[in-house]
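As structure tokens, one chain now follows by itself in the form predicted on its own.
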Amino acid sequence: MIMRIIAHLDMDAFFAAIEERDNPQFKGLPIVVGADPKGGRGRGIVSTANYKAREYGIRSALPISKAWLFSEEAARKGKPRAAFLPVDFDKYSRVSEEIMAIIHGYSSVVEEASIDEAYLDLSLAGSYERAKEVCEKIKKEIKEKERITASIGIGPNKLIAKIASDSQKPDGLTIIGSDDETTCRELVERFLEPLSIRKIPGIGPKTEARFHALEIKTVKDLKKFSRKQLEEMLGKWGIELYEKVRGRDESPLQEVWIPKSIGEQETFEKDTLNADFIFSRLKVICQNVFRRFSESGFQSFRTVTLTVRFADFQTFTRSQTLSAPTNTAQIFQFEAMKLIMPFLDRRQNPRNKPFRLLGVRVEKLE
């Protein structure tokens, strides 16, 4: 039986790294890729921040206005201001294609998980030492050809490989495993136990807070719960979590990526309660989403989901699952309109808060 060896490659601050490479004047500076900060009045969020910008507290998904404030605060302390650059998805996609081509040259089984990360099955390498050599070659080729760096984690499954790739960034190579099965299990559990429970994929802020209330902060703490206890607390996810905290993961590499949803969202230039404006933007978003759905190759969808974010950043998501699959723009837009109506009156917006962001997506694609 062939021993399973999986690698996870994650590009380091991908968008920002490309911009730093292509704009020598910004070399060595904190770089933020995202919306225009407009002197602290900008809308939208940070898409990517390089590691120098992260030292200022700037992270992905942070409101761009806060990122600007953090940059100004650093400047007052004598540090360089961050360079704020717009997102160029076309350029990033081209670089991603080159990187994925390099990866495919080293493994016949590759899951392209996103624009800047991929899983590789290196089981045919036959040993962790040989898998390490392969990954060193991949990192070297990417650095030579694209002049940016990647971090790679190697382990017995996707779960461990992904967590490992994040443990020594940037430009890291982390191996958690052994050719001996018993030793491999021991290494995996020893690696996981001291980690924060947030390192386990699927544990978000709410679940973390729930466990923290029980004095559960590390993976080792979480292992005190039995399978039955976790199932009673979290349902089916509790059973999966029981396996994950022990480093067990049998999920296969998905060579053909199938999207679970197609959506779009828009952050308004100004917070607003103008119903005509909100309806007009909702219509445009629906048209854009439906066009992408039509081009995707899917035949139908069953669920329409609306996201509303108010000026105070309170965010709500509402969904409607249809009785039968559909593929018509009229039904899609009608359902989206029904979902937004309660947010325009006291049913879902009793304090009459203005809208900051609006998003719509279709799910349960067939």
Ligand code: TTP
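Numbers for residues come from their place in the sequence shown, where the first is 1. Remember, predicted model here, so these are calculated numbers, not experimental data.
From this point on, the text means the form predicted together with ligand TTP, which you will not see here.
Stretch-level contact check against ligand TTP in the model of the complex with heavy atoms at 4.5 Å: of 114-122, 199-207, 219-227, 265-273, the positive one is 114-122.
In the model of the complex, none of the heavy atoms of I331 sits within 4.5 Å of a heavy atom of ligand TTP.
Residue contact check for Y51: one or more of its heavy atoms lie within 4.5 Å of ligand TTP in the model of the complex. Taking the partner from the other structure, ligand TTP in the model of the complex has no heavy atom within 4.5 Å of any heavy atom of L358. Of the heavy atoms in R246, none are within 4.5 Å of ligand TTP in the model of the complex. This chain is drawn without ligand TTP; in the model of the complex, the residue among S65, T326, T307, S47 with a heavy atom within 4.5 Å of it is S47. For the stretch 1-38, the set of residues having any non-hydrogen atom within 4.5 angstroms of ligand TTP in the model of the complex comprises D10, M11, D12, A13, F14, F15, in sequence order.
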